[in-house]
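In structure tokens, the next block holds one chain alone, the form predicted alone.
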Amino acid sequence: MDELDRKIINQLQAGLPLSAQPYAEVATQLGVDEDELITRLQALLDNKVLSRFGPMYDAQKMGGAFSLVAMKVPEDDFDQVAEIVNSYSEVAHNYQRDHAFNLWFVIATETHQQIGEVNRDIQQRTGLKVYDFPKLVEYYVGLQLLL
């Protein structure tokens, strides 16, 4: 990453402006043209510097619920179990980890009750125990890269 990449990341963490041309506005603030901003942002994604770029919604602030969930999945069954987990629209994303709890995912629903329902259904379909880790306290860490 060069200095402009770090500036792009720092700037976009504050959000995109609500306008007809948000990328053009951010590009102007950064002193580049819109095409360069979009090209660099895509390169950051392609090179896995950024894992994703998009809005973050707080389900609880919108009246919904979410929870972090983990499973201990036998390695030979991992792809099949991940496919089952991914089939639920309530599953926002999942990650494979090198740990006894090797499949982690986030469930976002309209109610807390639905989290339990989805977890029970996943457990029934996979035959594996589902461990629910609801958020107790939320911390916000603002990341700003040094220029």
Partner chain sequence: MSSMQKIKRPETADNTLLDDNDRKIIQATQAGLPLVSRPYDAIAQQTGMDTEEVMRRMRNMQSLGIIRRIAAVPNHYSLGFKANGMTVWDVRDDVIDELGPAVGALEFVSHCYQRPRSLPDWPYNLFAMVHAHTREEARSLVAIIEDLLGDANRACDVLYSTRILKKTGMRLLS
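Computed from a predicted model, the values in this text were never measured in an experiment. Numbering follows the first chain given and starts at 1. Whichever C-alpha set is largest while still superposing within 1.5 Å between the two forms counts as the rigid core.
The protein also exists as the form predicted together with its partner chain; that form is not presented, and the subsequent description refers to it.
Proximity of Leu128 to its partner chain in the predicted bound form falls outside the 4.5 Å heavy atom cutoff.
Contact between Thr28 and its partner chain in the predicted bound form is not found at the 4.5 Å heavy atom cutoff. At the 4.5 Å threshold, heavy atoms of Gln123 stay clear of its partner chain in the predicted bound form, well away from it. In the predicted bound form, its partner chain lies farther than 4.5 Å from every heavy atom of Ile115. Counting a residue when any of its non-hydrogen atoms is within 4.5 Å of its partner chain in the predicted bound form, the hits in 1-40 run Met1, Ile9, Leu12, Gln13, Ala14, Gly15, Leu16, Pro17, Leu18, Ser19, Ala20, Gln21, Pro22, Tyr23, Glu34, Ile38. A displacement of 2 angstroms or greater separates the C-alpha positions of Met56 between this form and the one not shown, with the rigid core held in common. For Leu136, the Cα coordinates differ by under 2 angstroms between this form and the one not shown after the core has been superposed.
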